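Taking the form predicted alone, here's one chain by itself in structure tokens.
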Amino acid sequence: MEGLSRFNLIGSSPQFQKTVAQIHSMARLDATVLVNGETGTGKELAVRAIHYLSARSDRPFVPVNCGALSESLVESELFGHERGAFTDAKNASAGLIGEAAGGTLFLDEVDTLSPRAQAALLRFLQDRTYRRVGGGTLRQVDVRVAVASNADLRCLAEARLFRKDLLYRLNVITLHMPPLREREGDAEVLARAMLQRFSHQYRLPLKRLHAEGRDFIERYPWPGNVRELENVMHREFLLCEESELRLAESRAELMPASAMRPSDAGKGELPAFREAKARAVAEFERSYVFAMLSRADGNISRAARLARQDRSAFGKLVRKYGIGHEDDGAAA
């Protein structure tokens, strides 16, 4: 079976190979796909692979971050609008669905859609027909829809935070992206591939993993999954002057006793209670901030809203742990 390394989907563990087989099968089935999994597991990469392995590969792939859609303009952005439909509509727009005609429309973070947007999407999915905002012509489009969420849509539906009828429309075939901690051996395989990519990207000599670095990669549970691993390897590749990466700074920052896998417990002397608690709190804060920023595509203002925290306080945590940057704009 063809590998998926050209889509940056790399791994040899049985768990991941099962996912690879499912991706190949889904590429042959022209049906709606629901991809779930934790933040950073590669959901969009999987959908891209499904698209480019399918008969629609020569048609557009249009990714949409639902969390970034303006609630007041979501229908216009999805379905398009006619000229003069509203104040700023100086020109007609085909909308994201129109742009994806013949190809694949990927709706990421579909759980963030407002009830109004969910109702509009449900109507479209029933027969693939829609009207542009301000228009009277009923349009039909041939497009494959794929959606992704790191939330449990079934639980959200039971809590009446997501429409059950929409879930039924979306949940035709489902792909689960396994977290990196369940993919035995894949973290090191990915890290080596990333180092090769960075070497090519920056035209610098290839750097290798020292035994200490390999041990850390194997033992750390990677709550941010592949995205967090890539962040660590990118930083270490650029900042470490040695040819072999021990990942010393990352080990000190990320590997407190609280982050060890259960099998590591009791293998060494544990720190004092106060120190262990401080490390545990720091690890929780860093992982939580990383997850919120990942969900908000790096937008600190939006991440702060998701965390229900004041932006300035959230920004301090971002600076404290050296994650992202603060030039996204307060009004974003």
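Remember, it's a predicted structure, so these values are computed and weren't measured experimentally. All residue numbers refer to positions in the sequence shown, first residue = 1. Basically, rigid core = biggest C-alpha set you can superpose within 1.5 Å across the two forms.
The same protein also exists as the form predicted together with a small molecule; that form is not shown, yet it is the one meant from here on.
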Can you say which of 50-58, 293-301, 35-43, 66-74 gets within 4.5 Å of the small molecule in the predicted complex, counting heavy atoms only?
-> 35-43
Distance check, S250 to the small molecule in the predicted complex, heavy atom within 4.5 Å = no
Partner proximity in the predicted complex: E230 to the small molecule, non-hydrogen atom cutoff 4.5 Å | yes
With the partner left out of view, is V226 within 4.5 angstroms of the small molecule in the predicted complex by any non-hydrogen atom?
-> yes
May I ask you to check whether N150 falls inside a 4.5 Å heavy atom distance of the small molecule in the predicted complex?
-> yes
Candidate site V110, R163 and L167: all three near the small molecule in the predicted complex by heavy atom within 4.5 Å = no
Just give me the single entry in A146, L121, A100, L190 that has a non-hydrogen atom within 4.5 angstroms of the small molecule in the predicted complex.
-> L190
With the core lined up, does the C-alpha of R286 move 2 Å or more between the shown form and the other one?
-> yes
Assert for K207-R286 (C-alpha, 3 Å or more) in the predicted complex vs reference form: pair farther
Shift in CA distance, R286 and I217, in the predicted complex relative to the form shown here, given it is 3 Å or more = farther
